[in-house]
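Single chain ahead, by itself, as structure tokens, in the form predicted alone.
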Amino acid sequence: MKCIFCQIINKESPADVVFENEKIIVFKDINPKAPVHLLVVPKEHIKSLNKLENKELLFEIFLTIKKIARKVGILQGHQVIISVGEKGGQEVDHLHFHLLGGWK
């Protein structure tokens, strides 16, 4: 069975997508922890940060985070959180980055 993020990537499950290109998808978290809480997800299924070996993809992810933070108005103040493994709080076994901001 595919993970929920793969289902979103393949348009098999709904998501509120705010950005998408051939390598990355960005969508709103369904259980937000901040006024702005987005998930930045590579389309390639990579289990966690420990399994990421493509430095070009990592660079593109961080450039996308910067672009999206600017687009949604949180460039001047935001958090990027990466949980690694179950013991690190990772709930979905697909690499993803939480982009949070918008606090007053």
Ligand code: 5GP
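Quick note: we count residues from 1 along the sequence shown, nothing fancier. Remember, it's a predicted structure, so these values are computed and weren't measured experimentally.
Note that the form predicted in complex with the ligand isn't included here; everything after this is about it.
*Indicate whether the candidate residues 2, 26 and 48 are all in contact with the ligand in the predicted bound form, with contact defined as any heavy atom within 4.5 Å.*
So, no: the whole triplet misses the ligand.
Determine whether any heavy atom of residue 33 comes within 4.5 Å of a heavy atom of the ligand in the predicted bound form, and answer yes or no. Yes, residue 33 is a contact residue.
Looking in the predicted bound form, any heavy atom of residue 39 within 4.5 Å of the ligand?
Judged by the heavy-atom cut-off of 4.5 Å, residue 39 is in contact with the ligand in the predicted bound form.
>> Residue-level question: is residue 12 within 4.5 Å of the ligand in the predicted bound form, judged on heavy atoms?
In response: Result no; residue 12 lies far from the ligand in the predicted bound form.
| request: Decide whether residue 99 counts as a contact residue for the ligand in the predicted bound form under a heavy atom distance cut-off of 4.5 Å. | output: Taking the distances in the predicted bound form, the answer for residue 99 is no, it never comes within 4.5 Å of the ligand.
Any residue of 67-104 with a heavy atom within 4.5 Å of the ligand in the predicted bound form counts; write them all down in order. If the 4.5 Å heavy-atom criterion is applied to the ligand in the predicted bound form, 67-104 yields 83, 89, 90, 91, 92, 96, 98.
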